[in-house]
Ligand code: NAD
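Only one chain is included here, represented as structure tokens and corresponding to the form predicted on its own.
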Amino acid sequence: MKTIPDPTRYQQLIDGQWSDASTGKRIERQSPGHDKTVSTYPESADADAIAAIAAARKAFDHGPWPSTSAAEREAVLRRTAELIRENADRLGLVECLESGKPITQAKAEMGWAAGIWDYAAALCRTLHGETANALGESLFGMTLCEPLGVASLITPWNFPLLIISQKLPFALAAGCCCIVKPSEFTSGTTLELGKLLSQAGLPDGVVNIVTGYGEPVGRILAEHPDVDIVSFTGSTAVGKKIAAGAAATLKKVSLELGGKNPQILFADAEIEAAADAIAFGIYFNAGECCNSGSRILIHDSIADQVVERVLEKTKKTRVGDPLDENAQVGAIINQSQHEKILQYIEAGKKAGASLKTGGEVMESETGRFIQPTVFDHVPADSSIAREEIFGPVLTVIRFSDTDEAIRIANDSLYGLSASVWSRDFDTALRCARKIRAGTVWINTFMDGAPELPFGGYKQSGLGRELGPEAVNEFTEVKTITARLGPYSDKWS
């Protein structure tokens, strides 16, 4: 076990001021890999959430940010990207300790996050309306693209800085003012980001950060009438509660929720490449990823070959101390999630699936670690084949023809992502068009860029993050119609 630094004591950020919670209560975060306290945060209460909303409302209604020029907004966002890169080692360490993910992956995520801020900065200058000048001689029309208002941004524990970076810079690019609530398990990097935003020149009150639990803080951020949009990433069950809470005031809702994402391998798939993508897709971030490739559909003719190759890669996968730069899989986020994964493994055995490797808790003096696990011959209607496990558990389902593969892939509540492996263009494109998912990869998995929209079909969510559409989530379109010349009576 590596040396663990002393705990960092954080405060919440409201209207440019760092403070403790109004109740004085705090949350202690223990590292999932070391069982030592690494951070403490304010346990923000009702009064803190309401104060943060009031600060954002004041900043939007009376502050300079909504009317700041695109060039000025761009400069702040670009400077934030630079600061994330300059502080990547510190941010990566905080995220590694709080989330349990390997240090190398945590540091890499800082670079990905900075790239999103760069892209959002470029979008600042693309926001514009249109004119309608073919309405006849007496009418002229135009549209304005205006900031939506106050945005509540609620993020999960699995990719803390990366996911807030899929929301916050786009909201700021549009001219919105925000309240951010990170997960109570991984608030550190979001609070560190708040310090960087101040250094980058963001005015007070434009971004406010409250820490604590979904009840009461998350609920207030979703329900409060002074909030104009709530953007949430997390489980589908909680997403439904967010949408229900927002419905009372008919505020806009953007949801990025769960997934049970299939990778489909046809008979002509490149087996070596696909096996690598399968191992990466399920073991990256210990499978604690909405985009995890946890459901593998393989054509009967190559299934044994593929499973054998995946098992070889699985047995070589290095699980260990998150601070060890050689580790590929770190610790499970908390005890509740640890137990949930083990329950699914037992359910898979009871359903008659063939456990090929793993399925056990790894012995360790500290922390929570689960062996990378592979089930073969998984019944397509079993819980491990249909429900989101959020852990390093791979399920293999076999199919005989294209129609069956598409049917199994679509037989899910979710529709976040999928991939198709085939050298045949017709097969790959047909599947990509037929699969009901927000992202479909062909002959790769989990490749992406800030330029490409991300979001789901069905119960995987509403709206899109990233891509040019991301900034539109935080804007309103206003129509202006002007009469030229004398007014013509309509009533007399």
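These numbers come from a predicted model, not from an experiment. When you see a residue number, it is the position in the sequence shown, counting from 1.
Keep in mind the form predicted in complex with nicotinamide-adenine-dinucleotide is missing from the figure; the text below concerns it.
Although the partner is absent here, residue 219 sits close enough that one of its heavy atoms falls within 4.5 Å of nicotinamide-adenine-dinucleotide in the predicted bound form. Using a 4.5 angstroms threshold between heavy atoms, residue 226 stays clear of nicotinamide-adenine-dinucleotide in the predicted bound form. For the chain shown alone, residue 213 is a contact residue for nicotinamide-adenine-dinucleotide in the predicted bound form, at least one non-hydrogen atom being within 4.5 angstroms. Residue contact check for residue 163: one or more of its heavy atoms lie within 4.5 Å of nicotinamide-adenine-dinucleotide in the predicted bound form. Only one of 180-188, 88-96, 123-131, 137-145 places residue heavy atoms within 4.5 angstroms of nicotinamide-adenine-dinucleotide in the predicted bound form, namely 180-188. Note on the partner interface in the predicted bound form: the residue among 205, 149, 156, 415 having a heavy atom within 4.5 angstroms of nicotinamide-adenine-dinucleotide is 156. Of the residues 209, 264, 290, 394, just one reaches nicotinamide-adenine-dinucleotide in the predicted bound form with a heavy atom at 4.5 Å or closer; this is 290.
Looking at 250-282, the residues that come within 4.5 Å of nicotinamide-adenine-dinucleotide in the predicted bound form, counting any heavy atom, are 256, 257, 258, 259.
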